[in-house]
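Single chain ahead, written as structure tokens, the form predicted on its own.
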Amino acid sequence: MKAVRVHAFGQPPQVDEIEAPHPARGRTIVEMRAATVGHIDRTVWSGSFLQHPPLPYIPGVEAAGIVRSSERFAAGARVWMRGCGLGIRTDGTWCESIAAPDEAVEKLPDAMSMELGSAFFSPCTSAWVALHDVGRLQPGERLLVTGASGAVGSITVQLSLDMGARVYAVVRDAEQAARLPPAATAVFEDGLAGSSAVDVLVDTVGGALLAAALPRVAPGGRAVLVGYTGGHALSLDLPALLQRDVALLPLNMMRREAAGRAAVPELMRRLGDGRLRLDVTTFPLHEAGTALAWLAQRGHRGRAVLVPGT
């Protein structure tokens, strides 16, 4: 079978022909139909993540497909998968046939496409937990979301509007602003300094944009730190931060995965009936390196997903 493998950290992945997995106790063999390329995949690929499989390894922490062999699922079942070390401690999902731990596999509703089934978990659960568990957003509060055109940012905007918040969405240009829900107020990055004060900030970008957004949080407010695609470092004016009493709250979804999984049924219902939308861009399996590069570009929209057979 064909599999994308990394032979050296930070180097372009390559497509190899390897032996297909055999049925084994506790493993579900899935014919991959869609495999997501996410920021965690990029971090592991770079060699900077705390854990990683031995080289060469198959990246990919998320996917969806059709069951071919399993003690838990019937052959032909539609499933999605994530967790149990896939793509982090063991080989992952960027291959035509995946041997996933049974505990990492769940049924995929017929109403959801394979691409969406592969891509939904990370951005949707991150946004849900950031708002409900970490930021504790309340109806009527003012929320500022950076990276509002990205996967997590766009879901955060949609969920917070549904919660009754007043939402200010940070975008780069008029094109991104035009794609926002009508109830959200667009805030351009270069006008962030003059924007209204907010009760909660959900930052999905980091770096200089986070530094510019933090002063917009009102005294006693909360800032939820989700991503760092815009930069890994932040310089703080500590006296100002202490005087304003703004709480900096990092979101670690590896620690909060149980909360994310508890929200999956509700999130799936909203995705299935169209109340929640997530953009997906597909790439052929052999263009995994292109997908990694696309993901690193600021302003990209939604999630990247690899598909086989193209």
Ligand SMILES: NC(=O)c1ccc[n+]([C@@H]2O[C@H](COP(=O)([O-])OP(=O)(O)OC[C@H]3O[C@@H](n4cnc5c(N)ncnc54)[C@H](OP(=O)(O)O)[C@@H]3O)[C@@H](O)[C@H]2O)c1
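All figures in this text were calculated on a predicted structure; none of them were measured in a lab. In this text, residue numbers run from 1 along the sequence as written.
The next section is about a form of this same protein that is not shown, the form predicted in complex with the ligand.
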item: Stretch from 233-241, 79-87, 111-119, 203-211 whose residues place a heavy atom within 4.5 Å of the ligand in the predicted bound form; value: 203-211
item: Sole residue of 172, 132, 166, 179 within 4.5 Å of the ligand in the predicted bound form, by heavy atom; value: 172
item: Answer option from 105, 144, 226, 98, heavy atom within 4.5 Å of the ligand in the predicted bound form; value: 226
item: Exercise: residue 221 in contact with the ligand in the predicted bound form, heavy atom 4.5 Å; value: no
item: Exercise: residue 39 in contact with the ligand in the predicted bound form, heavy atom 4.5 Å; value: yes
item: Non-hydrogen atom contact residue 189 with the ligand in the predicted bound form at 4.5 angstroms; value: yes
item: Close approach of residue 300 to the ligand in the predicted bound form, 4.5 Å, heavy atom; value: yes
item: Stretch 126-155: residues contacting the ligand in the predicted bound form, 4.5 Å heavy atom cut-off; value: 126, 147, 148, 149, 150, 151, 152, 153
